[in-house]
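A single chain comes next, written as structure tokens; it is the form predicted on its own.
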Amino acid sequence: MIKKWVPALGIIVLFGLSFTACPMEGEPDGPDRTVDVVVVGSGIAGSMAALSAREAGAGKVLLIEKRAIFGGTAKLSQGGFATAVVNAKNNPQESLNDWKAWMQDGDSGYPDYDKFLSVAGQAGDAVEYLRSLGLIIIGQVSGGGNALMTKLEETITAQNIEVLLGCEAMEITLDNGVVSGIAAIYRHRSFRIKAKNVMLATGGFSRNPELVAQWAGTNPGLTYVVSLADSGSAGDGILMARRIGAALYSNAFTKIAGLQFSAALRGISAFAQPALLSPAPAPLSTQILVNNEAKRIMDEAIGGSFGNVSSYNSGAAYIMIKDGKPPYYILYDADSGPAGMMDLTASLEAGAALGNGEVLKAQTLNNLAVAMDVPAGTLKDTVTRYNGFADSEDGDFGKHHSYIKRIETPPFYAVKAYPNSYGSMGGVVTDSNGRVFDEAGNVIPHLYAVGEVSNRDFYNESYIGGASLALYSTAGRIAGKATGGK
């Protein structure tokens, strides 16, 4: 059974824009193309699909990317590759079952284990292909996502696959009701790409706050989630597919990773991200995290240092989202000291000096509470109680006293923290070959979707770190092979 919730086609009105189910009409004035396969999106799934299609016999392959930079969200990643170990010394099915069990952490009706195992079972082939290009992958790509996507871009160029950066797909075109290509805009001119097969690899929707609120949430407040995905992840591929009748998955959600400082602070050392998809608030293991009522919510040292986001502050982010009243605050004082090689006090001062309300500073806890707009008495009681645990044990959340450092030396600081997301789960309903289904459960001929544009079947209710690159590279390779020569 196909799991979906998409409304019936006809006229779709979305955020003030009206679309019909009809493709664009009229002759464009741009550089039209006729190709065997057009791939929309240059991330890991799209790049692997383009190369696989060429390898499988597709004559002309065109890859278009709406951004001016090649690589999508994969380029921003740390390059983690979570795969089942499949080799002669290990039982492949046992390894896949272990990975399958790893995904079981909720009761959403997902994953689709048949599809998951079909794709995951071929992950070794995708990894070996990438290694054949000279990439070093041992749990993680050496050099991270930037090295990965740079190598794929070089390989695509070497394979004479045409790439158009800054080329935005607008519609999937139909010829007598059959998918026939893409209508796009390139250098401010509209044109058509006539193709035997269309491959959507446009990413998810986490950079579109309206879609996050509509598709991923029970709570309009989800629009405050800070997305770390590529800015192109706006859901456009999903919307294009829906306008020609594609089914969408139910129970979409965003991949909450942890806590994030405002982008306005990223130019300051302690608030900067060491990698674009590795949010790193200054260490919190010895600090206090309080909610909008100035109350602690958990053991701040779970998972060790807060400096590298872990399952610890993923939990904090989920609490914040459930509460629906962001931001929360990290509290510091003048003796917070250095964070590794960084002068944390200097960073706090620089953040406060911006005057944008993201780092608040006061000489007393009462005045800090006023700046935070929280009850002064509650804030003072929270800090006093926390300080009292420094020589014993945390009587509220069990934080070990070695992680408890008194907050008592003015000035005092409060830094706003928000939940962040690596991307989204949901998108277009597909089979294990990437073929797109319509609302009636029928395959839409010549239309494929891979990567985050169609990923709901792979996950339950949370994201598994490192799974995206492994699964999406494999899915792209499988779908590309399915289009090659057809």
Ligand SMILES: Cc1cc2nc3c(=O)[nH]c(=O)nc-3n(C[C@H](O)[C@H](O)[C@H](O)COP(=O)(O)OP(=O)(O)OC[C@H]3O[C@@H](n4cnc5c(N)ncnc54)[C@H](O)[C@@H]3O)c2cc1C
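One rule holds for the numbers: they count along the sequence shown, beginning at 1. The model shown is predicted, which means the values in this text are computed figures rather than measured ones.
Below, we refer to the form predicted together with the ligand, which is not included among the displayed structures.
Contact annotation: Gly258 falls outside 4.5 Å of the ligand in the model of the complex, judged by heavy atom distances. When the ligand is considered in the model of the complex, Ala49 lies well away from it, no heavy atom lying within 4.5 Å. Within 4.5 Å of some heavy atom of the ligand in the model of the complex lies at least one heavy atom of Arg67. In the model of the complex, at least one heavy atom of Glu168 sits within 4.5 Å of a heavy atom of the ligand.
For the residues Gln214, Gln78, Thr155, Ser262, the 4.5 Å heavy atom test against the ligand in the model of the complex is passed only by Gln78.
In plain terms, the part of the chain that comes close to the ligand in the model of the complex, with a heavy atom within 4.5 Å, is 40 to 48 out of 53 to 61, 441 to 449, 426 to 434, 40 to 48.
Interface residues of 402 to 424, taken as those with a heavy atom within 4.5 Å of the ligand in the model of the complex (partner not displayed), are limited to Tyr422.
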